[in-house]
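In the block that follows, a single chain appears as structure tokens, in the form predicted alone.
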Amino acid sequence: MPDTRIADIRVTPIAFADPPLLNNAGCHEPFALRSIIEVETESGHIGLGESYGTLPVLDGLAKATPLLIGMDVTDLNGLWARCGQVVGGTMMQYIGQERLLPRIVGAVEVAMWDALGKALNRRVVDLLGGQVRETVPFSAYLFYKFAGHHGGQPDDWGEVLTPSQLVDEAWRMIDAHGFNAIKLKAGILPPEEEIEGLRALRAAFPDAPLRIDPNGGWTVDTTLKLLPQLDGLIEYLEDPTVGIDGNAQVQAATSIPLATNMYVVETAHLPPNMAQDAFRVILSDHHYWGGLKASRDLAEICRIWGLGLSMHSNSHLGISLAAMAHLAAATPNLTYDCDTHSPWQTDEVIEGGKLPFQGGALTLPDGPGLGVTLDRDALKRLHQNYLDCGIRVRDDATEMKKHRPDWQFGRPKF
């Protein structure tokens, strides 16, 4: 048996190009921040992880990783306990303990699974309980967007602010990747305009499951008024309004399942959600639930309570996507196609380039662990991006004001 004690942990912050995608909180900045985590064992196996690259997570990792040296990569309880020792104090100014601790744990935990898989010559999906699906389905994730970043040239996707432009965006993404389901990021334009976008998508793609995500941008009253137009049009409605209480009012008025990645994002949110029947679909995310095991635990809770399950994503690269795929392939009750930002990203940090979608689905990479290898030249280049870009905490609102100085954040907004 190889020595699977941790000899070293390296965390490299990176920044990669991101388009001017719009959401209720504003506009994506020119660079998205991530961190690449390497866990090296005493036997020389290197496990990879990818997580957030904002200062609170990086500070937490800097404090936690020295405490993990000498720990076995199988010691997930030890990982939670040792990371818990460093979460507190000034770190709480940006994000509360209940949300920061799982982010720090999840960043390292994926790399521990990858290192263990490489040491045992087994895939992560096998270590998580075994593969239950040959391929993992993903959805076309559509965004309204500006033609280019403020002061920059138009990007390859161009402007998307009208129903016809939205349909063109969908055709391009589906032609390239074969996605079946379609998700629209909303909460940006007046709701009636966004529903017109959904209707245009339905006309162009009559059989595609549709979903819309206003990011909590609609009031309860607005959502209730819109429900008749959405009935029969979408497979689920994601975070239409703010909070568990508000969304429970909406769910009580419709048979359309409500989904969330905003208001059930930690274990403390589960009991009130069940008690109020607010959300019937949970969009899990191993980056903020605490890693792969915590996400499998969440899946079992969803199975027991009869909740639907899928996966949320943010701007990410191949290590994150591979981890999502292994987790999804080992989760029997994955009931909806997963989200991914991968088609929007032009950079990559793994050897061989971006993982390919075939028929809208991902086949697990070959090889032990996650099956991906770090491209060290790309890592060096993307780390230099981080050093040069000046972004340290994501701020979509400030970026939006560069395009529209009179814009004001609101949640709910409409």
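Source: prediction; values computed, not measured. Position 1 is the first residue in the sequence shown; the rest follow in order.
Beyond the structure shown, there is the form predicted together with a small molecule, which is absent from this document and is the topic of what follows.
Judged by heavy atoms within 4.5 Å of the small molecule in the predicted complex, the contact stretch among the candidates 227 to 235, 124 to 132, 69 to 77, 333 to 341 is 333 to 341. In summary, among the residues Thr254, Asn314, Thr267, Gln249, the only one with a non-hydrogen atom within 4.5 Å of the small molecule in the predicted complex is Asn314. Only one of the listed residues (Lys185, Arg103, Lys145, Lys293) places a non-hydrogen atom within 4.5 angstroms of the small molecule in the predicted complex, and that residue is Lys185. Heavy atoms of every residue among Asn23, Asp213 and Arg394 are located within 4.5 Å of the small molecule in the predicted complex.
Put simply, Asn261 is close to the small molecule in the predicted complex: some heavy atom of it is within 4.5 Å. Residue contact check for His28: one or more of its heavy atoms lie within 4.5 Å of the small molecule in the predicted complex. Among residues of the shown chain, Trp157 is not one whose heavy atoms approach the small molecule to within 4.5 Å in the predicted complex.
The small molecule in the predicted complex is approached by Tyr141, whose closest heavy atom lies within 4.5 angstroms of it.
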